[in-house]
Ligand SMILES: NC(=O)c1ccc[n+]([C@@H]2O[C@H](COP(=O)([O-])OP(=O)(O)OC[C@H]3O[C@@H](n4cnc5c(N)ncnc54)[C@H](OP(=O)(O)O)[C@@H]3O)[C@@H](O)[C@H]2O)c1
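Before any questions on how it binds or moves, here is one chain, the form predicted alone, in structure tokens.
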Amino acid sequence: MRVLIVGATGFVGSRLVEALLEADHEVVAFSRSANSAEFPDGVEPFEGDLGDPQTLEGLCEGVDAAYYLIHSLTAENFAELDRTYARRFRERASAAGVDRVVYLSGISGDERDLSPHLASRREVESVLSAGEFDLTVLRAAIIIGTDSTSFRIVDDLTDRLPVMTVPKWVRTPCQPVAADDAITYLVDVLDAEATRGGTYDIGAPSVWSYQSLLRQTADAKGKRVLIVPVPVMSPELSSYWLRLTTDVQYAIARPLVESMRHPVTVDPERDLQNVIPIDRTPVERAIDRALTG
């Protein structure tokens, strides 16, 4: 199968390129830096920018399936950009006769009072669903892996703060997923006809909290941290607090932390494990792997 990855140089995209090659697919890797990126032999780079329609000529030609992995969190108007980019991709994929599109989105709990970040993810889902292709949506919370932005925040906190006065959202339930498991699910949906047109959650075997993730990460590094949740820290104050405690770009960290106020756990009725059962990685092992690279 000839497969296009839109966002092929990102944290997930670069890993997905290798996994699809191992599964004997032809891979087209699209990004703004595709021609200068180091892809494995056999990958066809396609350098372009969804912000510049002139660079998209022929993007989806001859493509059977595509993964859409674009998120514009570094821009102040990220929601507007994500909406525009998704429409441009949808138009080209539909015109070229792409059969399937897989979009990696985010878990958002009960879908009420969504953060701007998660509301934008839902909007992109809606935009893509109007295409002339079968859309499969996978929703994830934190993806635990080396170079994962959300895990880097957790890692930075345990490095810098032996005593943490933290927002109360650290007690919010979450169900992260190991990077290897996320990639396995993404690859396997291509051969699972039942996933056409479906929306699924992916996660680890157990539910955690941000507080327990911080403790486990610290333990894995041989550190001890004292975590003191504060009930009065607003989302805005939380984001400024985060600015002082992590190297993650503030424009990315702020929308991510605003999404942490809601439980983000797998809905049993939407659990992809029901359709594609895999041997899921425990969170403890996923953290160990992420820390050792």
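Computed from a prediction, not measured in an experiment: that's the story for all the values here. Just count from 1 along the sequence shown to find any residue number.
One more form of this protein should be noted, the form predicted together with the ligand, which is absent from this view; the next part is about it.
At a distance threshold of 4.5 angstroms between non-hydrogen atoms, Leu20 is out of contact with the ligand in the predicted complex. When contacts are judged by a 4.5 Å heavy atom cut-off, Thr217 does not count as touching the ligand in the predicted complex. Using a 4.5 Å cutoff between non-hydrogen atoms, Ala8 counts as a contact of the ligand in the predicted complex. For Tyr210, no non-hydrogen atom is located within 4.5 Å of the ligand in the predicted complex, even though that partner is not displayed. With the partner omitted from this view, the residue of Val266, Val28, Leu50, Cys60 that lies near the ligand in the predicted complex is Leu50 [heavy atom within 4.5 Å]. When you look in the predicted complex, the only residue of Tyr103, Phe133, Tyr185, Tyr200 with a non-hydrogen atom within 4.5 Å of the ligand is Tyr103.
Judged against the ligand in the predicted complex with a 4.5 angstroms heavy atom cut-off, the residues Arg32, Ala140 and Ser150 are in contact without exception. Contact annotation for 114-131: a single residue, Arg121, has a non-hydrogen atom within 4.5 angstroms of the ligand in the predicted complex.
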